[in-house]
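We begin with a single chain expressed as structure tokens, specifically the form predicted alone.
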Amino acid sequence: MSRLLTNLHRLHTEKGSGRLFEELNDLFKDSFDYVCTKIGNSCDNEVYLCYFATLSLNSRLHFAFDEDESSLAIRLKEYEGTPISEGDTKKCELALCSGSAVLFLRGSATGLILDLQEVQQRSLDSPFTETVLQGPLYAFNENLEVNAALIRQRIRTSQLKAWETTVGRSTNTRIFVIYCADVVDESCLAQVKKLLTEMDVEGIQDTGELLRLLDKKRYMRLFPKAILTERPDRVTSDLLRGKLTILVDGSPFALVLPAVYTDFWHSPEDSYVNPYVSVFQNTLRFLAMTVNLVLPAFYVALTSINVDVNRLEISLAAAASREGVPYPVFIETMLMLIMIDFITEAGTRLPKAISSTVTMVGGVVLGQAIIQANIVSNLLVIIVAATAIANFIVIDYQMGLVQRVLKYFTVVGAAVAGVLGIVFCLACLVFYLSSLESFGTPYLTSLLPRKGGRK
């Protein structure tokens, strides 16, 4: 007799009779891909196999439907060696929705769960949102086990640990919290585990959504509190520095935390190049951040309020460039900033085949036409173009979105109080960043990237 049949009769004897057959059929009665079929008899009892045709691996379902087959054990031989567990109606329901099959006797209260899941996934590709100049050319995909394996292949030590949980009443999404036990911040780890354990939501679709749920201080959500990345080398580097990594089943992005402000401005390539080159690149990034924040605001302040600060030649050149412009400086600046954000968003959301054409039309044709129509000045077009280029230098996409929002606040401050308004806005920004924490770590902890934490 097959081992599966032995286990079936043992369950039927130990657990007693029940209505598993009727309960499963009632739960999935309107599901087009639900299959519950009789595969034979054993000891005057009917044996049923239930599964979802769209989730289970069909190559493992090679049992015979021919009623002339004399031995049910021969039909079940295909399942020998398959991981087996047992469960009641609730566990069988979750197992079926996860791609497993359930084998049970008619009239039993429990069944055997057979792991026949067919994982739908894409192959390993290069990162889409993070350009790789030097380093590994593969990225995470939507399979949780594959992502964990990519990390395990790069950190070959027993100190690499993983804690698993599920989140979502309907989705039952599996989540891994990965860390190096010898360098991890224990208080941060305990806090993350507590938040995930107490999380009560209907479902989780992506790591970005999970980050929003983990952040309890909703009024301080402007700046990202963790890094979203699809690069395994960045994840492993941060793990060795004592950070945590959260992987969500179905998402190709890993969540690295805690994260301080400077973490969003450093690329993994900084560790692969000459240190002097790395310092030069970091300097360019922070300079670009400053340009993005204050350049349009300085244009507004120096051409409308603090005109006496400029040299006479600069004031005359600015006045000449605005000759015939019907709008105040603040209005034309806001108009151009919003227009450049329109073009950026269109180039991001449109299909790649037409996004470059739209960007070209918006950036060149529209820009030239708006100057000839004397709606904005030539100098402002140069400033807005420089601001847009500076915004694209940011390493992290989340931080880039924040920078796009912040420049409007500094422009408003410049329109109200000139240079003093810009200084006030920057001071408020520093105070705001000083009040932020990323899972127990102050947001302005370090001005330089922290070096390796392993001893």
Partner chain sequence: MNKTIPLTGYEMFSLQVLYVGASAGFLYPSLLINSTTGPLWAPIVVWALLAFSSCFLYGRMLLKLRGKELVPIIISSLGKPAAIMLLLPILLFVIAAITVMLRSFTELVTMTLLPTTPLLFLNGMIFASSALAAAGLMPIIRAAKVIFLLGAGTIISLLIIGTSGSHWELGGPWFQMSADFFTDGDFYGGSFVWMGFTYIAMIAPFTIKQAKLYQKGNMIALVLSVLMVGCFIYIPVMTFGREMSSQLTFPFVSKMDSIYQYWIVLENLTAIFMSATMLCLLLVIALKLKALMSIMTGIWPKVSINWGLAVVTVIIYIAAELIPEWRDLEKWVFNSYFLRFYAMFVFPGITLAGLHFKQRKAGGA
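Residue numbers count along the first chain shown, from 1. Just so we're clear, the structure is a prediction, and the values are computed from it rather than from any experiment.
Another form exists, predicted in complex with its partner chain; not displayed. Remarks below refer to it.
Checklist entry - Is every one of 124, 132 and 143 within 4.5 Å of its partner chain in the model of the complex, counting heavy atoms? => result Judged in the model of the complex, none of 124, 132 and 143 sits within 4.5 Å of its partner chain.
Checklist entry - In terms of non-hydrogen atoms within 4.5 angstroms, which of the given stretches 134-142, 233-241, 302-310, 172-180 touches its partner chain in the model of the complex? => result In the other structure, the partner sits against 302-310.
Checklist entry - Can you check whether residue 25 is within 4.5 Å of its partner chain in the model of the complex, heavy atom basis? => result It does not: once its partner chain is placed as it appears in the model of the complex, residue 25 has no heavy atom within 4.5 Å of it.
Checklist entry - Applying a 4.5 Å heavy atom distance criterion, does residue 216 contact its partner chain in the model of the complex? => result Residue 216: no, not in contact with its partner chain in the model of the complex.
Item to check | its partner chain contact in the model of the complex: residue 386, any heavy atom under 4.5 Å | outcome: No, residue 386 is distant from the partner.
Next on the checklist: Within 4.5 Å, heavy atoms only: does residue 430 come near its partner chain in the model of the complex?
Outcome noted: The answer is yes: residue 430 has a heavy atom within 4.5 Å of its partner chain.
Next on the checklist: Between 57, 402, 35, 417, only one gets a heavy atom within 4.5 angstroms of its partner chain in the model of the complex; which residue is that?
Outcome noted: Exactly one residue meets the criterion: 417.
Checklist entry - Looking at its partner chain in the model of the complex, which residues in 425-444 have at least one heavy atom within 4.5 Å of it? => result Heavy-atom contacts to its partner chain in the model of the complex: 427, 428, 430, 431, 434, 435, 436, 437, 440, 442, 444.
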